[in-house]
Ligand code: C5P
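So this first bit is one chain, no partners, the form predicted alone, shown in structure tokens.
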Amino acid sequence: MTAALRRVVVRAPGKINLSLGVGGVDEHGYHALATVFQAVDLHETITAERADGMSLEISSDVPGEIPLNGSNLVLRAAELLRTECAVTDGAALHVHKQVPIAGGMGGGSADAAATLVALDRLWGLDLGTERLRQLGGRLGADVPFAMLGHTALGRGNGADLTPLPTRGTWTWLLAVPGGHLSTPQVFRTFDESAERSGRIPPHLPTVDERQLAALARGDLPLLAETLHNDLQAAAFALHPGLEPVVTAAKRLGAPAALVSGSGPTIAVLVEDEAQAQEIAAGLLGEGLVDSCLVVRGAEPGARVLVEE
């Protein structure tokens, strides 16, 4: 173990899903997934300071309610480390949120990832990257990616990651409609729709190889052709405000748009910031969204900003 520190600050990125293939359900009730994650430059920042007990405070740049009880992923991550490593030390934790809450962008997962990294440093545990990712996977399928960052192919429940080469910087407009969507409910709706139609999801879903080539070459038109989300129809059914946003974004000139993850955030692929601002003005002017954010990918994963 290394010498313990007094204060550690770590930030981790939110994500969008450029594709999401959903397969069958295993014996534990988890769907097989094949997804391409890209980390974007909206961050969750965790400050961890030494303290006698555990406490949590939150400040947020985005609207929405965040639980401060044991269901919060920050506290769950801290408790997991304390249990696994028999830690009796405490910490005062502060979260600064930038990622839309319950928006399908992995904000809670970024919280958990940053907390694991911060407390590993604060408490001098030296668990190493691979062990931290394994622990993160127990908290949620998106947590290991928040540690890795950049762009990656996720398989299994999404936690089996393969980094993907990308060329250039990708610009996205995040169109944030009102309301929230429950990820379990979106998956249930997907399952119910498949059952009604007699469609059997593949045992092992795949991603379009052309998407991987588009990312490696920096080919925006090809990437636009390959954006895909198997959960999009379920999200549309549960939140009637989503489909009009996707339709309008394309009408306003976007190369492509889709629901990110389980939604409700809409990820709009754009050529540059000027196009993003033009489309944002249109969506806001038509009253289709509450807010719009211009972001870029692909960001690094969880990083230590301060340790002292």
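Just so it is clear, the model here is predicted, and its values are computed rather than measured. Residue numbers run from 1 along the displayed sequence.
There is also a form predicted in complex with the named molecule; it is not shown, and the following applies to it.
query: Hey, with the named molecule in the predicted bound form, do 37, 163 and 213 all fall inside the 4.5 Å heavy atom range?
result: Zero of three within 4.5 Å in the predicted bound form.
field: Partner contact for residue 127 in the predicted bound form: the named molecule, 4.5 angstroms, heavy atom
entry: Taking the distances in the predicted bound form, the answer for residue 127 is no, it never comes within 4.5 Å of the named molecule.
The named molecule contact in the predicted bound form: residue 140, any heavy atom under 4.5 Å: Yes, contact at 4.5 Å.
- request: May I ask you to check whether residue 193 falls inside a 4.5 Å heavy atom distance of the named molecule in the predicted bound form?
  value: Contact check for residue 193: no, nothing within 4.5 Å of the named molecule in the predicted bound form.
message: in the predicted bound form, does residue 187 come within 4.5 Å of the named molecule, counting heavy atoms only?
response: Residue 187: contacts the named molecule in the predicted bound form.
field: Contact residue in the predicted bound form, chosen from 256, 276, 56, 33 - any heavy atom within 4.5 Å of the named molecule
entry: Result of the distance check: 33.
query: Looking at 218-226, 78-86, 179-187, 110-118, which one sits within 4.5 Å of the named molecule in the predicted bound form if you count heavy atoms only?
result: In short, 179-187.
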